[in-house]
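Before any questions on binding or motion, here is one chain by itself as structure tokens, the form predicted alone.
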């Protein structure tokens, strides 16, 4: 494993973190009274757009050269449509899971769905950019010893940390502290964001620390 590959991974992750920071500060110049808490739903939409845009840019920069067949317009259109379907299915699936775990069924539907959107942004979007709409590849990456590159290793860590952050973010909601950030789903979205950022920071460091032990099989 080359140190240059780890550096590229680190720079890519720093760019993703920077996109979240931009989603916090840039809209405040254009939207009145913009803040993460007071205009939380607006921030969720903006953050999702920023992170998705950065992931798409990184995909275009990092992706390897494809064959002429895979460079055809029909292939790109089909792949794009499949990615959109996968993303929508991910959002609706997460929404159903949240409801099953206690989220309001009828009230705060938009809030719950936007939580599903931001979690899909942190998990499904990177999977689609790196692996494409290939469910078998997803199963391979998230199975034991299934990764074939440091990018897939990093994808494992950031995805799992995003899920853990969302789960931990639900703990303060039933407590009677009376804090504004305890309203549904603010603490969960903040937990997902912190989990995603933590994964972006931890994964390059973990890979660098274990670089001599890590071996990747060719796909």
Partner chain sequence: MQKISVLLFLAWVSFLFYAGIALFTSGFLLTRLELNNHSSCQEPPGPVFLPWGSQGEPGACWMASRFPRLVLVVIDALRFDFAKPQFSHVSGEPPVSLPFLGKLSSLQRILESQPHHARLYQSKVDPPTTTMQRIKALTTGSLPTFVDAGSNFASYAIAEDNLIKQLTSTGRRVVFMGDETWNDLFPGAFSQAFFFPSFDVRDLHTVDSGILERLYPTMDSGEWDVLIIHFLGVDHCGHKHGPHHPEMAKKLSQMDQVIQGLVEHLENDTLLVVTGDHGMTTNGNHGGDSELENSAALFLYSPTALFPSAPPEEPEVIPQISLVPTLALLLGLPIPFGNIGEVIAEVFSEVEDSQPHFSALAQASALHLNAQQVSRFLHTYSAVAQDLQIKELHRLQNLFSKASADYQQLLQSPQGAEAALQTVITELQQFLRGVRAMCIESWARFSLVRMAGGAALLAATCFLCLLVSQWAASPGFSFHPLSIPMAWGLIGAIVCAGFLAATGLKLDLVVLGAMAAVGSLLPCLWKVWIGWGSKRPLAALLPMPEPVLLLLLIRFAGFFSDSFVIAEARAAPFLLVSLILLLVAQLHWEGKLLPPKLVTVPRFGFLTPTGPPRHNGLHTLGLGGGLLLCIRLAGLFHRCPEETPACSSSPWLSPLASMVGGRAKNLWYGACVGALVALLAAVRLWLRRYGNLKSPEPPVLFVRWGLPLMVLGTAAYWALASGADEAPPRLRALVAGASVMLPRAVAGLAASGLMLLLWRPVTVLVKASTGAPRTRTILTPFSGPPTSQADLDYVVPQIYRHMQEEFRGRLERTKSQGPLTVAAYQLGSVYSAAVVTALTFLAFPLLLLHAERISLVFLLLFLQSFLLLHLLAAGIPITTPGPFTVPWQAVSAWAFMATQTFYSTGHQPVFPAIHWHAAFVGVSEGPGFTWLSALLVGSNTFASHLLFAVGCPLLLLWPFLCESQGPRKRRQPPGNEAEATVRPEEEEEPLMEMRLRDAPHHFNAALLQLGLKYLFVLGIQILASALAASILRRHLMVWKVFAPKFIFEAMGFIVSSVGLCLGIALVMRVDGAVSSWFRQLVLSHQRAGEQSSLVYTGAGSSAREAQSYLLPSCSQELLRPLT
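Quick caveat: nothing in here was measured; it's all calculated off a predicted structure. Positions refer to the first chain, counted from 1.
What comes next is about the form predicted together with its partner chain, which does not appear here.
- Using a 4.5 angstroms threshold between heavy atoms, residue 148 counts as touching its partner chain in the predicted bound form.
- Taking the partner from elsewhere, residue 176 is found to have a heavy atom lying within 4.5 Å of its partner chain in the predicted bound form.
- Contact check for residue 103: a non-hydrogen atom falls within 4.5 Å of its partner chain in the predicted bound form.
- Its partner chain in the predicted bound form comes within 4.5 Å of no heavy atom belonging to residue 82.
- Checking 125 to 133, 139 to 147, 85 to 93, 111 to 119 against its partner chain in the predicted bound form, the stretch whose residues place heavy atoms within 4.5 Å of it is 139 to 147.
- Along 156 to 189, residues 156, 167, 170, 171, 174, 175, 176 each place a heavy atom within 4.5 Å of its partner chain in the predicted bound form.
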